[in-house]
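What follows is a single chain, given as structure tokens, in the form predicted alone.
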């Protein structure tokens, strides 16, 4: 990957990008995107599996966990999980994305059994599982180090890690919105170690709640530094906060312009992270397509069934078909490329 001449490494420099006109920013981000990938827009055939929503944490932005606003607690059995994976694979998924709640009944051994079981029955299915927040939770409840948790995950078949649990790195904000969850240093340390084990992961940022622009830039710069050190992030995913069914009182939501600016700035500030994902499950498919003109080059995938963002009010509960994704990408003037989890190209449409 070619690195662009301008590297934004200080808060003030990078923050000043927000003062630019949206079209100028879009052009700057699109130049990087086009240099890397031309008109390609990536997606994959994946499915999400959320084994439990019973959570010992009370993050104020969450509409997924079982609490007063979501009176339907569930925890799948290991057999339930395998049956669901069989069905997912029969529908063509090449990746299974497994994240759940922090449920003391689903301990490290439970998860390792689940992963090993999936690998035994579906050796070629890519398992992307466990956010750094879950790793931290499992380590804490088992009384072991996060390094041991990561080793056990890898041994039992986990191929890569998703980027969840990062939320926003600023500690004051974390105390307010997700007290009790892994802290920012812990999140970065877990991904650093995973990368040093030769594995890949993604990174996320939850924005559009009580953070300001400087908090977002601080978050991006910390990812930029870790990526310089390890090179282990595949993709960065800016997640727009979903406002339904949670306890964070947010009155001002980011405009479409603010969202697109943030995506463009992510592309400009993170030239060292290969892909910027416009995750249609939080943006909606139309905005995710527009984001392809503002530095994003990936849409995530077909998803099949999604429980976390949709519990917060997004429109993603039943996924999207591959044909629908392909035609959306073509209609927007891009070239659809089906990829695997590590961005090897499977099929160019």
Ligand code: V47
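These figures come from a predicted structure and were not determined experimentally. Residue numbers count along the first chain shown, from 1.
Another form, the form predicted in complex with the ligand, is not on view; read the next lines as being about it.
Next on the checklist: Can you tell me if residue 163 lies within 4.5 angstroms of the ligand in the predicted bound form, counting non-hydrogen atoms only?
Outcome noted: Yes, residue 163 lies within 4.5 Å of the ligand in the predicted bound form.
Next on the checklist: At 4.5 Å between heavy atoms, is residue 106 in contact with the ligand in the predicted bound form?
Outcome noted: Residue 106: no contact with the ligand in the predicted bound form.
Item to check | residue 62: touches the ligand in the predicted bound form, heavy atom cutoff 4.5 angstroms | outcome: Looking in the predicted bound form, residue contacts with the ligand include residue 62, since a heavy atom lies within 4.5 Å.
Item to check | residue 128, heavy atom within 4.5 angstroms of the ligand in the predicted bound form | outcome: Residue 128: yes, in contact with the ligand in the predicted bound form.
Item to check | Heavy atom contact within 4.5 Å of the ligand in the predicted bound form, the stretch among 108-116, 214-222, 274-282, 82-90 | outcome: Looking at the other structure, the answer is 274-282.
Checklist entry - Given that the ligand is left out here, which of 169, 146, 233, 241 has a heavy atom within 4.5 Å of it in the predicted bound form? => result Residue within 4.5 Å of the partner: 241.
Checklist entry - Judged by heavy atom distances of 4.5 Å or less, which residues of 75-104 approach the ligand in the predicted bound form? => result Contacting residue: only 97.
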